[in-house]
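Given as structure tokens, the chain that follows is alone and in the form predicted on its own.
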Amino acid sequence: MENRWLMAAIVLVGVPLVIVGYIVLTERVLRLLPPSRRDGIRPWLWLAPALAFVGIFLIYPTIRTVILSFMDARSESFIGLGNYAEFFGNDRNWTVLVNNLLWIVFFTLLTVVFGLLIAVLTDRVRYESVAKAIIFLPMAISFVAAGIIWRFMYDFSPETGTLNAAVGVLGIEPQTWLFDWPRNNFMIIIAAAWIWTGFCMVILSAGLKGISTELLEAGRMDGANEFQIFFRIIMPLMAPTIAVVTTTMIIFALKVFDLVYVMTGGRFDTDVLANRMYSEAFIGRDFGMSAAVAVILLTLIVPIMAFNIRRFRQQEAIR
């Protein structure tokens, strides 16, 4: 207990003192330089701590992971592309890739479509804030807690399994929702969509608010019905926002871990890349294969992130 209080005191007192000390030291160093050089050096001195953190906690681990992916299970000898050959030569890992593809397609489709639908239906109604708060509420729950909740909902016993209790009312026998492929993947995807639809709704609602009401009224005065207004006015204007939300959901679908780990642990052919990476490292103790899976996951995510950044820069240039 004393160590915890000491650590808390160091964090609460030491961290602010270090920040203040760095600021004072930076300004004193700048005073020693010629005035003509201060403006060029000051930004780099202010950026130095952030760059150091990025280098230590992001760039170095990434480079180290790439190096480890070419090493054996104990990271003792170089085996070249052996880990990658083993990964793609294992039929089980192709199931993992198919599962991630299912997540990319169906999770993204569910969250974006329902997020957009809710944003449009609740736009400018009296209960808008209440409805959006209810839809967004699952985002306040941790993914682990959400996984436990949905695992109970899918439980085989009608006494604890909400879904089997519901189908039992219709005269349907209890189902093993999380045991049979590919249905078990879709069940987990539904749980994830329940969490993330609120996030998509908030972002898409913000984009919808940016559309001029005069433009929509002009379309209605010209005789356009609500479907024509949605597909010919709202959708084209919201295309950049929809693209950003879609790519964000694809990135989450690629690196999904929490729900799969909690609900099935990757069993019953529900394994995904992130869970595979974890199990190889901490269960199989094969750090080379785990690093290879991490590099494959990174290779899939980086192009999508680059697309997101490019879209953002294009929007900023237009503004």
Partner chain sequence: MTAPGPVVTQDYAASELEAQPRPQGVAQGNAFTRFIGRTPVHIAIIALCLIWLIPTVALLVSSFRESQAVAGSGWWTALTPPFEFTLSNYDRVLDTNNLGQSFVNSLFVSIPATIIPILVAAFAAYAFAWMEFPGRGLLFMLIVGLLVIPLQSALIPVLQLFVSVRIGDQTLNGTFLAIWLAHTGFGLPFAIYLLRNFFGALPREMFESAYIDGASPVTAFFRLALPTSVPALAALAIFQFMWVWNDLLIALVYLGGQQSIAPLTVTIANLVGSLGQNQQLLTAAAFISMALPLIVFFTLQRYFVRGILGGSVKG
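On a predicted model such as this, the values are computed, not experimentally measured, just so you know. Positions refer to the first chain, counted from 1.
From this point on, the text means the form predicted together with its partner chain, which you will not see here.
The partner is absent here, but in the predicted bound form a heavy atom of 211, alone among 81, 211, 218, 98, sits within 4.5 Å of its partner chain. Between its partner chain and the residues 193, 233, 187, 104, the one pair within 4.5 Å by heavy atoms in the predicted bound form involves 193. Although the partner is absent here, residue 142 sits close enough that one of its heavy atoms falls within 4.5 Å of its partner chain in the predicted bound form. Of the heavy atoms in residue 201, some are within 4.5 Å of its partner chain in the predicted bound form. Using a 4.5 angstroms threshold between heavy atoms, residue 174 stays clear of its partner chain in the predicted bound form. In the predicted bound form, at least one heavy atom of residue 258 sits within 4.5 Å of its partner chain.
Contacts between stretch 235-269 and its partner chain, counted in the predicted bound form as any heavy atom lying within 4.5 Å, involve 237, 240, 241, 244, 248, 251, 255, 257, 258, 261, 262, listed in sequence order.
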